[in-house]
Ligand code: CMC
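Single chain ahead, written as structure tokens, the form predicted alone.
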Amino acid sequence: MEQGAIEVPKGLDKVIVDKTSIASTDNEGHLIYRGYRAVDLAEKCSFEKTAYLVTYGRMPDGSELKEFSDFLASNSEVDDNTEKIMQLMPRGTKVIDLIRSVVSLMPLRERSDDKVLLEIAAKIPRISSDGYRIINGMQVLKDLNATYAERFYYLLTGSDDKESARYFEKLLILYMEHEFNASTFALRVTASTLADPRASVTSALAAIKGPLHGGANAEVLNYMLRMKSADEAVKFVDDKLAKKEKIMGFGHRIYKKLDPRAQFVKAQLKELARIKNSEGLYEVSTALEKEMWDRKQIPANLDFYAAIYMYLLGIDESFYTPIFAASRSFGWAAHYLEQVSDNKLIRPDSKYVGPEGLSP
């Protein structure tokens, strides 16, 4: 350990490592993007408008929003060589692994850092859809001339349902950014070495796969669909707590009492469950949330309700983590640009606890 080094909690819990103007939480516990509450943006703004705000730090005017939207649309397709890379992936490859591999290899047309980052972000929906379909021996879908959310929803489901796409868009906005989360911090560490945007995004894609980060929503669905009643939800919590096992979808390092994002999606889910005639699943989810709070005072996080939300939208579980990555790629773009604009190599020290004085 370097002399004068400061020892901090494991996992950097409650440690401020840098400044950011991109996102944080306000005094009432709301996630904010560039000063705007994320739930307000999800309710009132388009995905493209929010993505511009997060990336560039201000709301776009009409011409800027059109140019930004046109850029995403015109850079959304992948070339034949990228399709060939996907065809070489073995059957059974997880979609998020395929995305990471393809992003690290695919040719990019743009040259400025912001445009390279946005080109990568623009292509992730198509890579997700084509990769899944190629791996499973299906035909890829033809393109759709639509908004980012409508097109992404179509690529995931094959459905051009604008109402469902609007529900989907709200979730995408809430997933877009969350300050120094694990994948974003991984990106910033890589960016701090002055690695290029593609390498940095690849680092973020590797970090987002884990079940304690981007993979949590898929884990939630795996247990939720096994429950048929509120009583079964209560028993599930009892069994898990008795075994001292973690229940995915609950708890967050930032939100100790309430995750406003989760509560926003919960309200949207109630509407969606009524439309889809799935009120029973909504009731099971709320019973489980209540039991966890009554027993452990641990709130549901965004992933808990997002998993059920995406299921009711007809989205296959294979896409859950890729959806998180696609949306968060715009937050990654903002963090890459912020890191390199005022860069210092991120290189923490460590405390050695191994053996000493040995000789061969």
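Each residue number is its position in the shown sequence, starting from 1. Model, not experiment: these values are computed from the prediction.
The protein also exists as the form predicted in complex with the named molecule; that form is not presented, and the subsequent description refers to it.
Engineer: If contact means any heavy atom within 4.5 Å, which of 249-257, 86-94, 158-166, 192-200 contacts the named molecule in the predicted complex?
Structural biologist: Contact criterion met by 249-257 only.
Engineer: Please run the contact check for Ala216 against the named molecule in the predicted complex: heavy atoms, 4.5 angstroms, yes or no?
Structural biologist: Close contact exists here: in the predicted complex, Ala216 approaches the named molecule to within 4.5 Å, heavy atoms only.
Engineer: Give a yes/no on whether Lys296 approaches the named molecule to within 4.5 Å in the predicted complex, heavy atoms considered.
Structural biologist: Flag for Lys296 set to yes.
Engineer: Does at least one non-hydrogen atom of Asn301 fall within 4.5 angstroms of the named molecule in the predicted complex?
Structural biologist: Answer yes; at least one heavy atom of Asn301 falls within 4.5 Å of the named molecule in the predicted complex.
Engineer: So, in the predicted complex, is Phe324 in contact with the named molecule at a 4.5 angstroms heavy atom limit?
Structural biologist: Looking in the predicted complex, residue contacts with the named molecule include Phe324, since a heavy atom lies within 4.5 Å.
Engineer: Can you pick out, from Leu53, Met310, Ala334, Met292, the residue that has a heavy atom within 4.5 Å of the named molecule in the predicted complex?
Structural biologist: Result of the distance check: Met292.
Engineer: Which of these residues, Glu279, Glu232, Asp79, Glu245, gets a heavy atom within 4.5 Å of the named molecule in the predicted complex?
Structural biologist: The residue from Glu279, Glu232, Asp79, Glu245 that makes the contact is Glu245.
Engineer: Heavy atoms within 4.5 Å of the named molecule in the predicted complex is the criterion; list the residues of 169-188 that meet it.
Structural biologist: Heavy-atom contacts within 4.5 Å come from no residue here.
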